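Below you'll find only one chain, the form predicted on its own, shown as structure tokens.
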Amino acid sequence: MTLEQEGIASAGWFCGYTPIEILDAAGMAPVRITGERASSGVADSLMHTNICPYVKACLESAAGGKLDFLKGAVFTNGCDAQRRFYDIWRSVVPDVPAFLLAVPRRGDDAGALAFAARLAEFKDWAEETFETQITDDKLRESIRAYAKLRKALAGMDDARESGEIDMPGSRAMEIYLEAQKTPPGAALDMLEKEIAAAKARAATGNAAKGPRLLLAGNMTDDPELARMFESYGATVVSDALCAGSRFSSTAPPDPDIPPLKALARAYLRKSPCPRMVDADDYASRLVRKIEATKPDGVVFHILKFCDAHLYDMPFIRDALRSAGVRTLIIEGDYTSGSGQLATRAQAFLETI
């Protein structure tokens, strides 16, 4: 049953730099929006063809009325495609209020100070839009709830990597997606049940054996990608995805400073997106994860026309080569795969 069917008021978000604690404190269920896998052509009539396929897929959902249940939607200036999506949204979905959050490109003290000011504007918009008051106590409560959820998700990842639990990478992706579309308390309950079941499976000693893969990239939110590699005998033991472990990479905000300042610092200092000035930290974190998990190969999946990621790809590829790990780089179009992709996946697995 969906949140809409349960009568739970929801607000949509698209970018990992959105402090969803503010939406939760406003009484909304923060829902990360994923798009339509099949195109009707409507998005192409509203946006340039050669633009982020994830954004266009979300626009397909919006234009088709599938996001009308939202009470509000939050965009960021994370990339030009999303910035343009915000402009179009106000015409396509005029009855769903939208807010554009300006995210600094620096994660230093000056960037955090500027971001805290933008979060104050976001908070004011949420209070007016959802007709509520967001107190510091409500914010701290939401911060604690999401910190607990992120810690549990990170624990799930550690247990997957070590073999303590038997959980396919495709199922872990599904869990991450559900956790980002469900109120934090309910998401934590769901996660704890999944981990208990996966621990019981591991105790049988029948866990899948095969090449260990790490799945990395940008807005990859389709478990079918991991499931395809698993169907050929591989085991996806870890990820470094925007909709995956980067969600849980946000450190617990400092409880000893005002909550908006704490959120600003925490979000800007998470595992960075290539749009950030210190984006080279993403590559160094990825190398550290490789050293810790020791995968047999890395699959790097990038959506087409994502300039920020594609510009960084040579640097990231060199970092992965220096780490001595075999790498498959795939450009995707936000569909569920193709025969050509399956052939490349099989060929890659044969090399390892």
Partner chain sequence: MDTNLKAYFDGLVGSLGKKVAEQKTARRLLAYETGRIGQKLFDDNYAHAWTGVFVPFEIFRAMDVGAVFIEFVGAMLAGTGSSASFLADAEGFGYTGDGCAYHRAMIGAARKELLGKPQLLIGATTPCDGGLKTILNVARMTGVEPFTLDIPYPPVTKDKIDWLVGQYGEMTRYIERLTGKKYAPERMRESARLSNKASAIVKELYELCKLRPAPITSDTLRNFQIVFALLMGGEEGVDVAETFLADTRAILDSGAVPPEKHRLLWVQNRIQFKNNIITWLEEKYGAKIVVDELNHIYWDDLDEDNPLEGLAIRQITHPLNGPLEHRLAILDKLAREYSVDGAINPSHWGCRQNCGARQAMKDSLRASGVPMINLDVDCVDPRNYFEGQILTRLQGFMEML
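Bear in mind the structure is a predicted one, so any value in this text is a computation, not a measurement. Numbering follows the first chain given and starts at 1.
One more form of this protein, predicted in complex with its partner chain, exists but is not displayed; see below.
Visitor: State yes only if every one of Cys15, Arg32 and Gly185 has a non-hydrogen atom within 4.5 Å of its partner chain in the predicted complex; otherwise state no.
Guide: Per the other structure, none of Cys15, Arg32 and Gly185 touch its partner chain.
Visitor: Please name which of the stretches 131-139, 269-277, 170-178, 152-160 has residues with heavy atoms lying within 4.5 Å of its partner chain in the predicted complex.
Guide: It is the stretch 269-277.
Visitor: Taking any heavy atom pair closer than or equal to 4.5 Å as contact, tell me whether Arg326 reaches its partner chain in the predicted complex.
Guide: The answer is no: Arg326 has no heavy atom within 4.5 Å of its partner chain.
Visitor: Is there a heavy atom of Pro253 no more than 4.5 Å from a heavy atom of its partner chain in the predicted complex?
Guide: Output for Pro253 is no: heavy atoms all beyond 4.5 Å of its partner chain.
Visitor: According to a 4.5 angstroms non-hydrogen atom cut-off, is Leu70 in contact with its partner chain in the predicted complex?
Guide: Answer no; every heavy atom of Leu70 is more than 4.5 Å from its partner chain in the predicted complex.
Visitor: Is Leu46 close to its partner chain in the predicted complex, meaning a heavy atom pair under 4.5 Å apart or at it?
Guide: Because a heavy atom of Leu46 falls inside 4.5 Å of its partner chain in the predicted complex, the answer is yes.
Visitor: So which of Pro223, Pro104, Pro211, Gly217 reaches within 4.5 angstroms of its partner chain in the predicted complex, heavy atom to heavy atom?
Guide: Contact residue from the list: Pro104.
Visitor: With its partner chain left out of view, which of Val96, Met190, Ala117, Ala147 would have a heavy atom within 4.5 Å of it in the predicted complex?
Guide: Exactly one residue meets the criterion: Ala117.
Visitor: Taking its partner chain in the predicted complex, which residues along 74-107 bring a heavy atom to within 4.5 Å of it?
Guide: The stretch 74-107, when checked against its partner chain in the predicted complex, contributes Asn77, Cys79, Asp80, Arg83, Arg84, Tyr86, Asp87, Ile88, Arg90, Leu100, Ala102, Pro104, Arg105, Arg106 at the 4.5 Å heavy-atom cut-off.
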